[in-house]
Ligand SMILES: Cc1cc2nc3c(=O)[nH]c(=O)nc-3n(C[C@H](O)[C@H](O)[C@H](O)COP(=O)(O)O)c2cc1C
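Consider the single chain below, provided in C-alpha cells and representing the form predicted alone.
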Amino acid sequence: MPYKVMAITAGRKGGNSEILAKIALERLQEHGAETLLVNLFDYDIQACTGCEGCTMQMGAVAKDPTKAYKGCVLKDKDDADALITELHSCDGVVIAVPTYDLGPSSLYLRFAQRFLAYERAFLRSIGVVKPGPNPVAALVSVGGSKHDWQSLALEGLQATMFTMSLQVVDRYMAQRVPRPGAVLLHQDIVEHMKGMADHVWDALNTPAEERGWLGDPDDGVCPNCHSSLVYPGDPHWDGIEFPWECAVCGAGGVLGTNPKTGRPTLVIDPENGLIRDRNDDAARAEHLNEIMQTTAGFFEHQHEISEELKRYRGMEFPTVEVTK
C-alpha cells in the first residue's frame, strides 16, 4: 500500500503557497506516494470557542476510563473534523502557508487551533487512541520579504505540530515572492521544494525510531527543533526551570556558540534538557496533568469569586453596531 501524503495550504487559489505545495506533491507522486491537496479556503472552518470541553473530557476520562470521549463540540458543525480525521490517516504532510504580520496566516491558525480536541499525546495517555501512525511533516512559510518580516512564520507553524504528533523533518522559508506565481521565477525555490519532498519520502522509508531532521543541520538556534527563538527560562508549573529555553520545543540549556558557524546556539542540558521536549508524547502528555491540576484548583476556589463573577458577567458597555 503506497504512503499517503497530504499537502495543506492556506493561501489564495493559484498562489505561491499552493504552487509550492503542488511542486512537492508532484515530486512525491513520482516517488509513488498517494497524494491529497487541501486548500483551507475551500472548507468551512469555525474558530475554537475556548470552551475547554475537550480537555475537561480528557481529564474526566483520565480519572474514570469507563467514561467516553466525545471530541470537539464543533465536530458536526463544520469541516474541521473531516479534515483532521483524514490527516490522521496520512503518513506525511506538507504545509505551505503565507506569512502575514510576521507569522502564519490566520486561516491556517484557525484550523490548527482546533487540533487540541484531537491531541494525540493526550488521547494516547488516556487510552482513547492507540500508538501510531508516526507521520512526518515538512513546513514552508511564504512571504514577499526576507526573514526580518517572517520572523515568527516557521516557528508559528512548528508550534502547531505537537498536538498532531507530526515529526518535522525539514522546514523552509520562501522569501521575496510578493505576487501569485512569483515562486516560479526562482528556480532555486522550485528545486528546494523538490528536495523537501525527497526528504519527506526518505523519512517515510526510514523506521520511525530512526527518523530525524533532514534539513539544514545549522538552521535555527535550537539544535533539537531548529527554531530561531529562545528565551530566558521561567519556572514551569512543577518548578522545573532552565537558564534558557526554546520557545517552540521547550528544550532547555545555556547559550553557547555553534563551532561551525560562529553564531549563537542553545546548548541543551545533557541530563534534563529534553524532559519538556514537546516532540515527545510523554513530555507533552505531562501538560494534561498541568491542565487537570489547574482546573481542579479553580473548582476548589470558585465559590470565593462567585459574586464578583456574576457582577462582571452582568456588566455591559456600548459596542460597535454594524449595518449590513
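Throughout, we count residues from 1 along the sequence that is shown. Nothing here was measured: the structure is a model prediction, and the numbers come from that model.
We do not show the form predicted together with the named molecule, though everything after this point is about it.
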item: 4.5 Å heavy atom contact, Ser145 and the named molecule in the predicted complex; value: yes
item: Distance check, Trp149 to the named molecule in the predicted complex, heavy atom within 4.5 Å; value: yes
item: Close approach of Asp216 to the named molecule in the predicted complex, 4.5 Å, heavy atom; value: no
item: Cys90 within 4.5 Å of the named molecule in the predicted complex, heavy atoms; value: no
item: Location of the named molecule contact in the predicted complex, chosen stretch of 69-77, 97-105, 184-192, 110-118 [non-hydrogen atom, 4.5 Å]; value: 97-105
item: Listed residue that, although the named molecule is not shown, lies within 4.5 Å of it in the predicted complex (heavy atoms), from Pro235, Gly127, Pro243, Pro178; value: Pro178
